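Shown here is one chain on its own, the form predicted alone, set out as structure tokens.
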Amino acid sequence: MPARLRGRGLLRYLPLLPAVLLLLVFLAGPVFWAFQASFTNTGLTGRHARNPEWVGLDNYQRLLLDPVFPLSLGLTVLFVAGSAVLGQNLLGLALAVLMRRARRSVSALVGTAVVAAWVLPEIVAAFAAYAYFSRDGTLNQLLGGLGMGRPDWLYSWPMVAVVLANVWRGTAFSMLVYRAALNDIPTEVAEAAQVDGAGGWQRLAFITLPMIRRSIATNLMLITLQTLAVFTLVWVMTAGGPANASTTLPVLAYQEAFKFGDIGYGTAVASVLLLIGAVFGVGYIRLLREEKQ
């Protein structure tokens, strides 16, 4: 290939250079530092903050012996599966299907109400969820008015509370993704199936869902990665308690690094979380490639 043609080919990628540099500085750089710090005994204060030492795999061996780590790993899986894969994904799909069939005024009202929770700053949404699920909060006031019991949700059922709060917070994203996907389905296909005698559930199962399967895979990938990184909501509502009953991996990493001052161990937890996210991401990308082929 002549040098002039190669030069023109390289110029096509020149507009991407600022974005690549930003990714290297603000994403790849911190990730590399955190991964490197996980092999040291770096501390937040004291002698190890100034002169950290290389400890190899000691932090990862400590993870395997720490009884809190498998608990946090299980709670993270529960949190992601309950609030993202099942909660946000299914509820978002259901809302998108129902809003497509509803009147325009009803669809606009429901859409505005759902999106309002999503556009709130995360810290504001977290405090709103805390006020709703607290012992004297809105939920218990409603239950008391109906003559039902008033449990302390954040103490007795902390994971249920944070899962429901995250579903409320993030369902709007899935709803918008599925609304866009449903709008791309030709109306002639559904009408032809209806003429052939297919009912509503049959059209949904055998026509609608297969035609939007790539949108489903994309949505699952995005909300899974987003939910893996949720920290503020859990920290404000329960701070990982009581007795680590809601300590997900992001909360555990924060506690170890900034509450107990063990940066090395905290970054080891964060590195495991990063690897889990990478596995999910690669799996979904392979699924999308297979669907494309």
Partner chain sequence: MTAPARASRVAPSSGTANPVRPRDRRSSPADVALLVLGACFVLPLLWLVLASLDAGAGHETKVPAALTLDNFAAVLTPGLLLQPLWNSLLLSAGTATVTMAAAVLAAYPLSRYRSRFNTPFMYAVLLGTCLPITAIMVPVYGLFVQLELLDSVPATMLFMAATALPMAIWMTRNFMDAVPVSLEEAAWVDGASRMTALRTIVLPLMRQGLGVVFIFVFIQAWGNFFVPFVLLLSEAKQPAAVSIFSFFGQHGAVAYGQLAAFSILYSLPVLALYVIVARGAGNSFAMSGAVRG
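Predicted model, so just to flag it, every value in this text is computed and none were measured. Numbering follows the first chain given and starts at 1.
What comes next is about the form predicted together with the partner chain, which is not displayed.
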### Query
175-183, 155-163, 205-213, 73-81: which one contacts the partner chain in the predicted complex at 4.5 Å, heavy atom to heavy atom?
175-183
### Residue (of 64, 243, 57, 31) lying close to the partner chain in the predicted complex, criterion heavy atoms within 4.5 Å
31
### Message
Whether residue 122 contacts the partner chain in the predicted complex should be assessed with a 4.5 Å heavy atom distance threshold; does it?
### Response
yes
#### Entry: in the predicted complex, residue 69 touching the partner chain (heavy atom, 4.5 Å)
no
### Query
Can residue 151 be called a contact residue for the partner chain in the predicted complex at 4.5 Å between heavy atoms?
no
### Query
Taking heavy atoms only, is residue 267 within 4.5 angstroms of the partner chain in the predicted complex?
yes
### Message
With the partner left out here, which residues of 122-140 have a non-hydrogen atom within 4.5 Å of the partner chain in the predicted complex?
### Response
122, 123, 124, 127, 128, 130, 131, 132, 134, 136, 137, 138
